[in-house]
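What follows is a single chain, given as structure tokens, in the form predicted on its own.
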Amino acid sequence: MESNQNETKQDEINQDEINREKKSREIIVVGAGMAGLLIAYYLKRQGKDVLVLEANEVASGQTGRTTAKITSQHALKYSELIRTIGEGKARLYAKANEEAISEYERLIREEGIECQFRRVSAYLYTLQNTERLKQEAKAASLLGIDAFFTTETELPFDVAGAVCFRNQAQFSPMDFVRHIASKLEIREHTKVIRIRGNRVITKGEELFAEKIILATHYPIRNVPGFYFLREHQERSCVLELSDCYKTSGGYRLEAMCYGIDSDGFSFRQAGENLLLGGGSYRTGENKCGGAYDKLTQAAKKYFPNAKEVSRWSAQDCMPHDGIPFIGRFSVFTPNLYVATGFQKWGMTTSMIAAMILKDMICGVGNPYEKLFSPQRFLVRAATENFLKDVGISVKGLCKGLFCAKTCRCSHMGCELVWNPDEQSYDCPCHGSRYDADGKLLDNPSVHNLQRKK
């Protein structure tokens, strides 16, 4: 009798091992946006067994809402980096972004991807004081970027000054994504709700992997990485306009333009239409609405005959020290990796993430690994933003203690704020968002709200 019981237990153990082997992969990438797809693609090219899991559809998150600039021009970035982290590290940041642009171009040519990739100039412009732009032009040139100060742009209005970055790029991200995704094994509508050790737990099953990569925009795991203390989220708005140039003598914007003033705008040609961006705000700080108003007013002012084709908002993770987190999730999780904190430059940084993580996992040294490492500690660059974010989070958490449970974010319990522009409940602490029925729209939360019926 005892022998039969032992045999039965051994059979169960053997069956568990067989089931686990069937569900085991060498690498699982969580998230099928641009970053997750590129990371998976480059690892697969190295002969790795890679599975991509996506909660919704491929590129249904921020990748589908990008203005698709592939650029090393990241607002007033380089003068600030030189001041806070030094010329050497700032040079690495510049070089990584320039290399990412070139790698996109090489990959697109090698694969023959029809995605409207073009090398174009990118301008930072101001209508006010030019001193900061002159400093930025000097800093960028010092770090090896082909940049210069000018007062001439392609914009339909005069500027006080601008910095031109030559040889930047733009493309159609969805055409690019479709090609890359076709070469990968991807499971859509497979929502990951928890990661424990080498286990990836979804709503329907439990998978295993030697290495796991979180490419979910904002990490869905809180501890031990504590990314909720290291970055916040912001939203920005975009209008797609047609018929912009009917009375402009055939004028057409070829360059990409980004305003550094508090009321500045972003311009980018997309086929026959123009993308007009701006109206940024921290997620959860648009309770009065009106985020699109400045864009519609600008469209009427500069392009009076333009027609609005569509409008949308995108969400960006903003690290306190201004540098994305790419590498091991924490020192305590050696087989878990992360890519987050891309700011407003997700297309370029997605390629940097793919280059760094491919080398790390394959055991190859990468010159940018230390700069982007999540384990860095850049006090001078991060302190001010850290204190501000902690204050906002504490305020939101305290309010959450005294509000109805249905108005608390399912991530950490902060009080949610209604966003009338997008008909959503937004979390001012860490950026999770829900629709009017409580369905999750944006992470880090992985659960819907429990609404009263």
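These figures come from a predicted structure and were not determined experimentally. Sequential numbering from 1, following the sequence displayed.
Only in words, not in the display: the form predicted together with a small molecule, which the text now covers.
Engineer: Closest heavy atom of Cys409 to the small molecule in the predicted complex, within 4.5 Å or not?
Structural biologist: Looking in the predicted complex, residue contacts with the small molecule do not include Cys409, since no heavy atom lies within 4.5 Å.
Engineer: Residue-level contact is defined here as any heavy atom of the residue lying within 4.5 Å of the small molecule in the predicted complex; does Asn56 satisfy this criterion?
Structural biologist: Asn56: contacts the small molecule in the predicted complex.
Engineer: State yes or no: in the predicted complex, is some non-hydrogen atom of Pro324 no more than 4.5 angstroms from a non-hydrogen atom of the small molecule?
Structural biologist: Heavy-atom contact with the small molecule at 4.5 Å: absent for Pro324.
Engineer: Using a 4.5 angstroms cut-off on non-hydrogen atoms, would Ile212 count as touching the small molecule in the predicted complex?
Structural biologist: The answer is no: Ile212 has no heavy atom within 4.5 Å of the small molecule.
Engineer: Which residue among Ser242, Thr130, Thr190, Thr296 has a heavy atom within 4.5 angstroms of the small molecule in the predicted complex?
Structural biologist: Contact check passes for Thr190.
Engineer: Looking at 84-92, 298-306, 326-334, 67-75, which stretch has residues with any non-hydrogen atom within 4.5 Å of the small molecule in the predicted complex?
Structural biologist: The contacting stretch here is 67-75.
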